[in-house]
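A lone chain, given as structure tokens: the form predicted on its own.
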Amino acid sequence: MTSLVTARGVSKHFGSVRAVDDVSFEIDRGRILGLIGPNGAGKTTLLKALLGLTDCEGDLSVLGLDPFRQRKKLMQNICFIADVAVLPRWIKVRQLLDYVEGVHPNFSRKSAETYLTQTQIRPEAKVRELSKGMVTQLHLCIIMAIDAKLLVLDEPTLGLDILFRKEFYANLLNDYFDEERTILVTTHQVEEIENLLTDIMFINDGKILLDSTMDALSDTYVEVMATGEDAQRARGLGPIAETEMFGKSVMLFEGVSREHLEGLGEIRIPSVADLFVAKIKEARK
């Protein structure tokens, strides 16, 4: 695979605060990566570095470019949706399309207008007249009409109801994503996107705790729900986390083969949310 993003020893400090702390990773072309972390973990700072909005220490390459020093060229092939609407509230939808058509060389107005016909958004409506969900739809219609290699989504469905959220991700997969494009998404609604992801990355206190393909997770992590002596035997194998559920012990193991756990209880693949909580707690011990 060809790496779209390469980071080697990337750090960003704000005084004594290490917002991003010596991280290294790669993002390959044609992948959907979930960047997951608690508030203050360093997600926003890392995204700003990738988008060329802040400089950093170490080596960072996006599409073969230095994002901070070559940002103008880089942004021709990157699209970004933030967690808050940034579209001017006074502008009409038609005028917004006029503007994007005039400033972005890779924008297809015809595609944007086609996407808009699938919504209830009127071309003569002003942004301030649209609901939050419709503003997000409008933003997505514009983004999908731009031929970009990297799409960065920072909490794109924050505050939207479940119907809008489902529709948002369905449109993203069906109308935008292909093997030549890469999507990087951050969200706290992990359960909603884990089936969409090809890769996952956990970040906490500026450090990468996990960097894996989704396929590899089932080979590395396993949960066992056990009781009594079986729970004691399972506990002896060194789980990285343990919780109680319905009177049973649920233990999460890393790097322990299923053969060692057979017969001790119900074996299952942990959810991304459960794995995230376990890795964060482990890091904070």
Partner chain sequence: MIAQLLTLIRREFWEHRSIWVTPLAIGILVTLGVMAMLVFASGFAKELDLAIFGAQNLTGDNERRIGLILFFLGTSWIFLIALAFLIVFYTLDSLYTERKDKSILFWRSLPVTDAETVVSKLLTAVFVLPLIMCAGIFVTHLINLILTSIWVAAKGGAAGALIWGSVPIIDTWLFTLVVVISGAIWMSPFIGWFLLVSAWTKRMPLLVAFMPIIVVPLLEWIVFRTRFFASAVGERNDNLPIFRGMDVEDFFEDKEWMHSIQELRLLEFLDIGKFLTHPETWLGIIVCGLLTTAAIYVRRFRDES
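Predicted model, so just to flag it, every value in this text is computed and none were measured. Numbering follows the first chain given and starts at 1.
As for the form predicted together with the partner chain, it is not shown, yet the points below apply to it.
Enquirer: Can you confirm whether Ile78, Pro88 and Val103, the three residues that make up this candidate site, all sit within 4.5 Å of the partner chain in the predicted complex, judged by heavy atoms?
Expert: Yes, the whole candidate spot contacts the partner chain.
Enquirer: Only one of 224-232, 53-61, 250-258, 28-36 gets a heavy atom within 4.5 Å of the partner chain in the predicted complex; which is it?
Expert: Going by heavy atoms within 4.5 Å, the stretch is 53-61.
Enquirer: Applying a 4.5 Å heavy atom distance criterion, does Ile121 contact the partner chain in the predicted complex?
Expert: Outside the cut-off, so no.
Enquirer: Taking the partner chain as it sits in the predicted complex, is Tyr99 near enough to touch it, meaning that at least one heavy atom pair lies within 4.5 angstroms?
Expert: Tyr99 belongs to the contact set for the partner chain.
Enquirer: Considering non-hydrogen atoms and a 4.5 Å limit, does the partner chain approach Ala82 in the predicted complex?
Expert: Yes, Ala82 sits close enough to the partner chain in the predicted complex that at least one of its heavy atoms falls within 4.5 Å.
Enquirer: Looking at the partner-bound form in the predicted complex, is Arg71 within 4.5 Å of the partner chain by any heavy atom?
Expert: Arg71 belongs to the contact set for the partner chain.
Enquirer: Quick check on this chain: which one of Gln189, Thr213, Gln95, Asn171 has a heavy atom within 4.5 Å of the partner chain in the predicted complex?
Expert: Among Gln189, Thr213, Gln95, Asn171, a heavy atom within 4.5 Å of the partner chain in the predicted complex occurs only for Gln95.
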